[in-house]
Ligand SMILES: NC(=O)c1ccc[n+]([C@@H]2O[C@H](COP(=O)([O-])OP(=O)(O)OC[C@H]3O[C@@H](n4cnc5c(N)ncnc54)[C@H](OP(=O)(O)O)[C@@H]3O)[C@@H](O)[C@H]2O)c1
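Single chain ahead, written as structure tokens, the form predicted on its own.
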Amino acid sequence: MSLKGKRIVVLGGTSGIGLAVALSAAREGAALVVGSSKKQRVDEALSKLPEGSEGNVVDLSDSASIEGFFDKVGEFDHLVYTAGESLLLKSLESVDLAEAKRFFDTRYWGAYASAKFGVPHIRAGGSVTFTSGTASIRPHPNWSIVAGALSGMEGLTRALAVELAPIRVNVVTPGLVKTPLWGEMDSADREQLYKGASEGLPVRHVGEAEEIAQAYLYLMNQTYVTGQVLVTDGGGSLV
């Protein structure tokens, strides 16, 4: 059970958790292919990854773009999907339905299409690892869209684990993590968010992307796990 010599595709692999997964897998000797919607982000990620790593621009809200991406990539061993837009936190009363549907385009349908077009290229013994979040377990007010999309990812994981067997399909469910996802917040508010969360978590600190990345590496390496939701939230769902 080693990633050495394995070829791994990370969609959303140019920042945050996705980049941390790519960097961690590269340290284990894997060959990386990262995908993102912006060439600048792809180039920045490649500058941090080992020589020989690959990167391509892909619009994860466009199924044709996703299909073309995988046709270009060819055969590989593991697919990791961490892509997602900024959180859409609005009340049922105030949300625009078109906006709500767009939120699912990358978070859910992008992952679905990536499995559809990526799985035919996965070698024997390979896997798919999706990304959810603890809003699927303990949503807050105004999180209905986010919680719906994340819960959908967990249901999709279980269904595809059965349908795509023996390819393994799992999902990582992080809690609060220091990533660019919170970059639109005022810096003082963001630090207050992290501080308050740290004090309430059993582990007494907010997650770092590098910590969460280890969950993805585990699921790629662990050949006897499929259809599972791996919660990595510092104990947040317990308190």
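Worth saying up front: this structure is predicted, and the values here are computed from it rather than measured. Heads up: residue numbers just count along the shown sequence, starting at 1.
Not on display, but discussed next: the form predicted in complex with the named molecule.
Asker: Does the named molecule get within 4.5 angstroms of any non-hydrogen atom of R41 in the predicted complex?
Answerer: Because a heavy atom of R41 falls inside 4.5 Å of the named molecule in the predicted complex, the answer is yes.
Asker: Looking in the predicted complex, any heavy atom of S37 within 4.5 Å of the named molecule?
Answerer: Contact check for S37: yes, within 4.5 Å of the named molecule in the predicted complex.
Asker: S63 versus the named molecule, in the predicted complex: is there a non-hydrogen atom within 4.5 Å?
Answerer: Result no; S63 lies far from the named molecule in the predicted complex.
Asker: With heavy atoms only and a cut-off of 4.5 Å, decide whether A83 touches the named molecule in the predicted complex.
Answerer: Although the named molecule is absent here, A83 would touch it in the predicted complex, with heavy atoms inside 4.5 Å.
Asker: Are G133, L176 and P180 jointly within 4.5 Å of the named molecule in the predicted complex, each by at least one heavy atom?
Answerer: Judged in the predicted complex, G133, L176 and P180 all sit within 4.5 Å of the named molecule.
Asker: Within 4.5 angstroms, counting heavy atoms, which one of the listed stretches 103-111, 67-75, 116-124, 159-167 is next to the named molecule in the predicted complex?
Answerer: Selected stretch: 103-111.
Asker: Which of these residues, E54, E211, D59, E28, gets a heavy atom within 4.5 Å of the named molecule in the predicted complex?
Answerer: It is D59.
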